[in-house]
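Below you'll find only one chain, the form predicted on its own, shown as structure tokens.
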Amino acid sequence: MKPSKFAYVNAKTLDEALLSLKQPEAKIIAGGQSLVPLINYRLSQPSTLIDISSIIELSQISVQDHKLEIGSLVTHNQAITSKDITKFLPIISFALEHTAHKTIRNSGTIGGSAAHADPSAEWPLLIMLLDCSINIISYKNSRTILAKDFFISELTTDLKEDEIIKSFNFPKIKQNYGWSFEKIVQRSGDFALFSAGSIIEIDHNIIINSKLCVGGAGETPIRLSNIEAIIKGKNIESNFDITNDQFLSLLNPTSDEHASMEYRLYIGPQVIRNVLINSIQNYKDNKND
């Protein structure tokens, strides 16, 4: 298949991109890893493609007092190699090393992945896991929205047709903590059949806060708030005693050509247990270094 005809705008500034986006049926393109296949199969037929890849201000990573601000054009590989991200949120760098292959990691962006909203992709899971807020701008307005309100369903977000994602605010984690990420795939680089990430904050061996999120288990990444509440206040040496039913009640996977709903429900509890156990081990390892 070949794409239908479209006009092309190579925007040099954010204002130019936003002004062009006021045209009917216009679409934003940056890395193009999600949009180009849709256009080639004519699942998307924009009248105008607005290339924002030259807008420098969208490619920055900024360290501030309580957060990291990551521009929407930061590529997967930039995030992997960023010293600031590795220092403050190493789970991001680790998880993205499991994203697709080198060519895609060099081109795909955090903004593109978030806007595409595949519930099996790494960035949506990380954005939800880390309580990220998303800075969105249109020609006349700007707003900030929490991740839990941004992802609506599979491939659907709260982003309006005349809006661009400007950046992502990731709060720094304040306490001593351990982290872990795991995903089950058919082949290296594939989208996850099931994935999970966790952050466990610890003080004197007591879990004072936790974040636990899964991908491939529903129409959006799912925060397992019930499990977070169960383990809060527990000693890291204790047995969590979380049953399979407690895990499964929070999951809502579907079947597709890659895996059945039953398979995802079968592997899900073990993957979640793994990231909880490995987060605590990660904390112990870092503490002993």
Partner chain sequence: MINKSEITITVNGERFSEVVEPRMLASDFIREQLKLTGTHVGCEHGVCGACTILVDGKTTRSCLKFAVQLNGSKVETIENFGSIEKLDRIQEAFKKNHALQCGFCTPGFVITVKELLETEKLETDEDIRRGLSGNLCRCTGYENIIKTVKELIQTRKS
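Numbering follows the first chain given and starts at 1. Please read these numbers as outputs of a predicted model, since none were measured by experiment.
What comes next is about the form predicted together with the partner chain, which does not appear here.
K.L.:
Specify the contacting stretch among 82 to 90, 119 to 127, 95 to 103, 161 to 169, defined as having any heavy atom within 4.5 Å of the partner chain in the predicted complex.
P.N.:
Looking at the other structure, the answer is 95 to 103.
K.L.:
Please run the contact check for A30 against the partner chain in the predicted complex: heavy atoms, 4.5 angstroms, yes or no?
P.N.:
Yes, A30 sits close enough to the partner chain in the predicted complex that at least one of its heavy atoms falls within 4.5 Å.
K.L.:
Determine whether any heavy atom of S4 comes within 4.5 Å of a heavy atom of the partner chain in the predicted complex, and answer yes or no.
P.N.:
Yes, S4 sits close enough to the partner chain in the predicted complex that at least one of its heavy atoms falls within 4.5 Å.
K.L.:
In the predicted complex, does A229 have a heavy atom within 4.5 Å of the partner chain?
P.N.:
The answer is no: A229 has no heavy atom within 4.5 Å of the partner chain.
K.L.:
Using a 4.5 angstroms cut-off on non-hydrogen atoms, would S133 count as touching the partner chain in the predicted complex?
P.N.:
Contact with the partner chain, no.
K.L.:
So which of M261, V63, I56, V36 reaches within 4.5 angstroms of the partner chain in the predicted complex, heavy atom to heavy atom?
P.N.:
It is V36 that has a heavy atom within 4.5 Å of the partner.
K.L.:
Using a 4.5 Å cut on heavy atoms, which of S249, N40, S255, S238 is close to the partner chain in the predicted complex?
P.N.:
Partner contact (heavy atom, 4.5 Å) among the options: N40.
K.L.:
Give, in sequence order, every residue of 211 to 235 that has a heavy atom within 4.5 Å of the partner chain in the predicted complex, or say none if there are no such residues.
P.N.:
None of them.
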